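Just the one chain here, laid out as structure tokens, in the form predicted on its own.
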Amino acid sequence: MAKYLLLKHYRGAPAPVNDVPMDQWSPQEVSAHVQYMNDFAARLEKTGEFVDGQALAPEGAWVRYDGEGRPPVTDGPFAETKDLIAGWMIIDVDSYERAVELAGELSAAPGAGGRPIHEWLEVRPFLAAPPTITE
């Protein structure tokens, strides 16, 4: 089994087919989307493929260490919009092909008008070991 991170972006990815921002959806459309996500996760829990997942608020800041005794440096209050992550799901599957299959299914969550979003999801494998450095 290999773990993969499925990333949902607010902005920065290619536009989804149903490209209506969530803040313009009705409460029923938001509820249907969240229910789809919960049902998807519950199904993967039964197969042992679900690890964790969360939705994230659009607010955030970049933070970095700025030296001993100095406060952290922030750039914000917001990260660049192209880098905002809307949410994520961690799956543990047998193959990259299965990760892609599940990401494709997840991208069909309903959006405005109850139609599938067909949003782009980023599929990222977790490192199983530190990278090997060759000289």
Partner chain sequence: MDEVLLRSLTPSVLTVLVRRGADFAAAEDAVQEALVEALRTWPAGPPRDAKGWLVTVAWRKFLDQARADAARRRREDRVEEEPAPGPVPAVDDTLQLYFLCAHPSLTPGSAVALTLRAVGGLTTRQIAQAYLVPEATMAQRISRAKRTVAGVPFDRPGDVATVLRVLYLVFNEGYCGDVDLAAEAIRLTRQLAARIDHPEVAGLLALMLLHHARRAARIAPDGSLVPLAEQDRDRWDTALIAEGVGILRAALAHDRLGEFQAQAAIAALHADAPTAEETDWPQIVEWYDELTRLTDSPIVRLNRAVAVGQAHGPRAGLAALTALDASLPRHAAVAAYLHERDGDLATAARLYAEAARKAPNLAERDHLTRQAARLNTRRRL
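Positions refer to the first chain, counted from 1. If you superpose the two forms and keep the largest set of C-alpha atoms that fall within 1.5 Å, you have the rigid core. Everything quoted here is computed from the prediction, not taken from an experiment.
The following text describes the form predicted together with its partner chain, which does not appear among the structures shown.
- Of the candidate stretches 47 to 55, 26 to 34, 103 to 111, 65 to 73, only 47 to 55 has residues whose heavy atoms lie within 4.5 Å of its partner chain in the model of the complex.
- Of the heavy atoms in residue 39, none are within 4.5 Å of its partner chain in the model of the complex.
- Using a 4.5 angstroms limit between non-hydrogen atoms, residue 94 touches its partner chain in the model of the complex.
- In sequence order, 126, 127, 128, 129, 130, 131, 132, 133, 134, 135 are the residues of 98 to 135 having a heavy atom within 4.5 Å of its partner chain in the model of the complex; the partner itself is omitted from this view.
- Once both forms are overlaid on the rigid core, the distance between the two CA positions of residue 128 between this form and the one not shown is under 2 angstroms.
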